[in-house]
Ligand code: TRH
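Just one chain follows, in the form predicted on its own, and it is written as structure tokens.
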Amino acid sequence: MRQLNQAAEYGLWRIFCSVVDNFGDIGICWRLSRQLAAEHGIRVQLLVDDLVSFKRICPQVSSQSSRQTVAGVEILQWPAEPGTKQYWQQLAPAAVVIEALACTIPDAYKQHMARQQPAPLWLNLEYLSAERWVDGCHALSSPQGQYALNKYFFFPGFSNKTGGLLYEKNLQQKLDQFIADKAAQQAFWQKLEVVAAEFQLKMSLFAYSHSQFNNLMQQWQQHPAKVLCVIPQGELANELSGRFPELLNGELVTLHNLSIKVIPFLAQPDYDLLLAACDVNFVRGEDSIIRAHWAGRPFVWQIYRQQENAHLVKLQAFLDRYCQHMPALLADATRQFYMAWNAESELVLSWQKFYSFLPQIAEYNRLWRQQLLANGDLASNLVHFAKKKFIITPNFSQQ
């Protein structure tokens, strides 16, 4: 046995991604794949079952190609079952197999892994959660008796007892430079065909449909200064386009002091810049909430909806961590608006209170961000975990 000093020696890493809600799953998997390849020198294969959605966040992807390489990552079309047993058996052995975000690896591939000597390191990359039980379950193994394999659970999270969050090297430096560079921001807004200097409050709004949104829009129309609300294409944008068809053409719709613009779905690097360029960011799901943290701006999270309001329990767990060190009045305003936004209850009063604290929230978010960065980034933590396992495992690099 020998300790492996270079991540590249680990051989092939294979990541399985099933696209569930269009963008969140593939967004996480694509960022992770790129970072493993670019920063750790790992050969990564990303298997995706929906290349059309993938292309929305990465225009370089061809939705017609079953095998391609983009940004140093090998992208494979995950073939539809059944009748693909031979396909899975013909894949080269992988040192690490990541079953991402509740997707299920096909049985034929599990059988392929079970025959591999030595067996691959099988990781189940879980959804992001702030719940306390995650700290105790991170990195635990689960014997898969049928296949004589072990599967390890790897949890992204907000504490040093989890795998941390996705965060690329030099990201903070790039965002801080962009925020300080007024010319760069102006050029960015010009690409979106927006004269940003006209607006005193700029917001991005990436959200699911919301029964109380009209009331909030009316509140923004009455704002004492001009408000810009930029909405990426999606569920909420489609609803608004039914009322204002000109939004579909990229036109700016102005309602008193509120201006609304629907923009095409941005590639990931541009979405990061949008978050940094706005004063408030409404985000949804998993990928965008993580990116909102790094922008350092006030953000509002619309968590993925679940039956019987199970998502509100998860949201409360996040707020318990996020608001833990906030002054009482600031925490109260944050909790009220978050819960109203996610429970689709009355928004006007809670927005007014939340808005009054925006400068304090921005200051707090920079401290919260530093706390999260101390936990290490998810990709590096995955590599460190693999290294620990490989120290007591025969060399995986021979294929």
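Numbers follow the displayed sequence, beginning with 1. Values in this document were obtained by computation on a predicted structure and should not be read as measured data.
One more form of this protein exists, namely the form predicted together with this ligand; it is left out here, but the text below deals with it.
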{"query": "Contact test in the model of the complex: R31 vs this ligand, heavy atoms, 4.5 Å", "finding": "yes"}
{"query": "Partner proximity in the model of the complex: G24 to this ligand, non-hydrogen atom cutoff 4.5 Å", "finding": "yes"}
{"query": "This ligand contact in the model of the complex: E126, any heavy atom under 4.5 Å", "finding": "no"}
{"query": "This ligand contact at P232 in the model of the complex, heavy atom, 4.5 Å", "finding": "yes"}
{"query": "Stretch in contact in the model of the complex with this ligand, which is absent here, among 179 to 187, 140 to 148, 249 to 257, 266 to 274 (heavy atoms within 4.5 Å)", "finding": "266 to 274"}
{"query": "Contact residue in the model of the complex, from A37, I361, L51, I57 (heavy atom within 4.5 Å of this ligand)", "finding": "I57"}
{"query": "Contact residue in the model of the complex, chosen from F153, Y304, F213, F318 - any heavy atom within 4.5 Å of this ligand", "finding": "Y304"}
{"query": "Joint contact, F206, R284 and D287 to this ligand in the model of the complex, by non-hydrogen atom at 4.5 Å", "finding": "yes"}
